[in-house]
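The chain below stands alone and is given in structure tokens; this is the form predicted alone.
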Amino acid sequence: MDKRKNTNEWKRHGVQAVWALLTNSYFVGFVQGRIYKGKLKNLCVPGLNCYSCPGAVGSCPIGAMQAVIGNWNYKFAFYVAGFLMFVGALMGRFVCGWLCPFGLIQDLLHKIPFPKKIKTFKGDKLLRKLKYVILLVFVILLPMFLVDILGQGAPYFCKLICPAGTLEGGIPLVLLNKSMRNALGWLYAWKNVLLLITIFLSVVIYRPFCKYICPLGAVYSVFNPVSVFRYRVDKDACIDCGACAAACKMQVDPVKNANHRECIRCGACKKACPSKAIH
């Protein structure tokens, strides 16, 4: 069972890796230290993938939303909102489990051996609500009300919090551009501290960024119960063995709620079910 489980998990990682390469396929950017600014950059990708990554060929929907939410007269603002609702209604947090590059990074980091892995802790459920607060404050309210004369807000989440942006965009651009290295300040240091904390926590806790911080996961989680792609548990076939709940690294019990907001559709519960009750 464990061998089959590991095989299926690595298949998922393979899909994640292929998608990460496709959405960051502007390889010349890593050589020149420049960001791709072609027409494809006007399109959003489903997962959290930094706009400033030298290889990124599309825009991160969270970054795009912050850039235009201050002025809803912009057509692009409606496009981003519509894109998020469409993807959410179609797949929910399937994006988190299969298509998000930073999700793959956390998955791989958690495979690093550590003396004691933390599955849950006191206050875990309360802390998971933090991502909704971050979505409201840093992605919506601050960019909406603190705007420039053109009606554009600063990307406060990207600027002050996002460790994915630091890893995918900040560090590569600084390494590839001497002029940027000469202009480093406290903000870059702060972002790197957050990145190091996230990396360490990812080794100890499964997907801490997804659980507690990610505003994109917060958006998609709202659609989990109603998305086209969702799970169903056959109550007649279920033998109440608890194998599915034990297999879930997001601490979801599919028998109680197969489409819980924290479910990332990784399929671990489905593979672990001995009676094939999860579809």
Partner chain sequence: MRRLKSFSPGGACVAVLGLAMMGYGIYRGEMPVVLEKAINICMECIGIG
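Residue numbers count along the first chain shown, from 1. As the structure is a prediction and not an experimental result, all values here were calculated from the model.
The next section is about a form of this same protein that is not shown, the form predicted in complex with its partner chain.
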Let me know the one among Gly92, Pro143, Gly165, Gly97 whose heavy atoms come within 4.5 Å of its partner chain in the predicted bound form, would you? Gly165
Using heavy atoms only and a 4.5 Å cut-off, determine which of Phe200, Tyr132, Phe114, Phe78 is in contact with its partner chain in the predicted bound form. Phe78
Per contact check vs its partner chain in the predicted bound form (non-hydrogen atom within 4.5 angstroms), the hit among 173 to 181, 115 to 123, 203 to 211, 99 to 107 is 173 to 181
Consider Tyr51 of the chain shown here, and say whether it contacts its partner chain in the predicted bound form, taking contact as heavy atoms within 4.5 Å. yes
Considering non-hydrogen atoms and a 4.5 Å limit, does its partner chain approach Asp253 in the predicted bound form? no
Going by a heavy atom distance of 4.5 Å, is Lys37 a contact of its partner chain in the predicted bound form? yes
Find out whether any non-hydrogen atom of Val137 is located within 4.5 angstroms of its partner chain in the predicted bound form, and reply yes or no. no
Report whether all of Leu43, Lys159 and Asp234 sit within 4.5 Å of its partner chain in the predicted bound form, measuring from non-hydrogen atoms. yes
Those residues of 207 to 232 with a non-hydrogen atom no more than 4.5 Å from its partner chain in the predicted bound form are Phe223, Val226, Ser227, Val228, Arg230, Arg232
